[in-house]
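Below you'll find only one chain, the form predicted on its own, shown as structure tokens.
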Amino acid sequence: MKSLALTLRRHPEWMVAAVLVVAVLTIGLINPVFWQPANIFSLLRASVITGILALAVLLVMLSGGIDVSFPAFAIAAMYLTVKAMIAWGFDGVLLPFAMATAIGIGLGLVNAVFVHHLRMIPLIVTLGTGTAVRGFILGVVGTSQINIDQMPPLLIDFARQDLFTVTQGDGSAAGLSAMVLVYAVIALGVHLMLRHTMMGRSIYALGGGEEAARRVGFNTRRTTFFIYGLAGALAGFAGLLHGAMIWTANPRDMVGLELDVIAAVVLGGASIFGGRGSVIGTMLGVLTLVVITNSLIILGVDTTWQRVVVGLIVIAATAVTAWRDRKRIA
């Protein structure tokens, strides 16, 4: 029993996977509709944007900070890119995503300047920059929603692609979105960077303590700028992908998404104190949160109570990680 507890502390992904399996089996028994291919594919599709944003938050959290600016950065990158495409009469895929990613990088580097050079608390910095960016978009760029008839067609066609389709029992077709593969490739890239590069090691080291990381030879300035730059890039990319997947560009979108994403990252085993967490755990945390939210919808639970559940998940997951870290120190 003691060895099992030790294993779970060292590899929290196993605990998250167990919770996910129990949740899936329980929901499937209560409502067999859960097992329909259309619902399973919908769950995976719903994990894409939250998952990419969760990877951005994971990077910041590993370094010992918390980022709440990513929804605003994502919306800014999406709205500015689509606006530019419409104004220039341009329709494409690669260039718009490059533009949205570049916007995200620029905004992320602004966070890095405040965090590293001015020694400000990441939570306060990202709260301020996120509010300022969203205010700029609404106050200067515009508040009107860009609907499907105005959206660039190639962008929508890209996000509508399916990896494959299956025929359900009632004769209807259900397809697995190809954006799931995009998410998987991004997650693999972040995983390889964190586990097999010096930059990845420096991110974990920074989360363990900036002074300690500096003493062992890591360039904390470069690491900080890399973290917030990459987090911004992921937010910008996810923002445009989100607009393409829902066929609209709404500057008021993603309000309140911070809680869901942070909940997924913490649920996946990342420590709020920094230095601990993994891509696999984060992906499992995202899927678990999506499954729980989906089950509440299937069971007819009111939206207000869904937020209560997510809030409780944040508290419980944070308590578990804090207990785990205290045990590790002891």
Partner chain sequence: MTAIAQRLRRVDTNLLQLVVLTVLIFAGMAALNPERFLRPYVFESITFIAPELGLLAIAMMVAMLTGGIDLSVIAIANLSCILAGLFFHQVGAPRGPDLVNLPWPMVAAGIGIALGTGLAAGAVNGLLITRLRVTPILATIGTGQVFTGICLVLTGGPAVVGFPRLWGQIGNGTAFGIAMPLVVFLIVAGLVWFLLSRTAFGINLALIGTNAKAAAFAGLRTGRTVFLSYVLTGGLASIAGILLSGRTNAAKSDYGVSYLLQAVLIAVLAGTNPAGGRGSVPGIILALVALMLLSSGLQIMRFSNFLVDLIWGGFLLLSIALAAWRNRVR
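Positions refer to the first chain, counted from 1. It should be emphasised that the depicted structure is a prediction, and the values quoted were computed from it without experimental measurement.
The protein also exists as the form predicted together with its partner chain; that form is not presented, and the subsequent description refers to it.
Candidate stretches 261 to 269, 46 to 54, 24 to 32, 278 to 286, one within 4.5 Å of its partner chain in the model of the complex by heavy atom: Only one stretch passes the 4.5 Å heavy-atom test: 261 to 269.
Among the candidates Ala98, Ala184, Ala174, Leu123, the residue which, in the model of the complex, approaches its partner chain to within 4.5 Å (heavy atoms): Contact check passes for Leu123.
Listed residue (Ala132, Leu154, Ile246, Val166) with a non-hydrogen atom within 4.5 angstroms of its partner chain in the model of the complex: When its partner chain is considered in the model of the complex, the option within 4.5 Å is Ala132.
Output flag, Gly139, Thr304 and Arg307 jointly within 4.5 Å of its partner chain in the model of the complex, heavy atom basis: Spot residues vs its partner chain: full contact, yes.
Is there a non-hydrogen atom of Gly106 within 4.5 angstroms of a non-hydrogen atom of its partner chain in the model of the complex? The answer is no: Gly106 has no heavy atom within 4.5 Å of its partner chain.
Exercise: Phe114 in contact with its partner chain in the model of the complex, heavy atom 4.5 Å: Looking in the model of the complex, residue contacts with its partner chain include Phe114, since a heavy atom lies within 4.5 Å.
Report yes if any heavy atom of Asn147 sits within 4.5 Å of a heavy atom of its partner chain in the model of the complex; otherwise report no. No.
Quick one: is Ala87 in contact with its partner chain in the model of the complex, heavy atoms, 4.5 Å cut-off? Close contact is absent here: in the model of the complex, Ala87 is far from its partner chain, nothing within 4.5 Å, heavy atoms only.
What residues of 290 to 320, in sequence order, lie within 4.5 Å of its partner chain in the model of the complex by heavy atom? The stretch 290 to 320, when checked against its partner chain in the model of the complex, contributes Thr304, Trp305, Arg307, Val308, Val310, Gly311, Leu312, Val314, Ile315, Thr318, Ala319 at the 4.5 Å heavy-atom cut-off.
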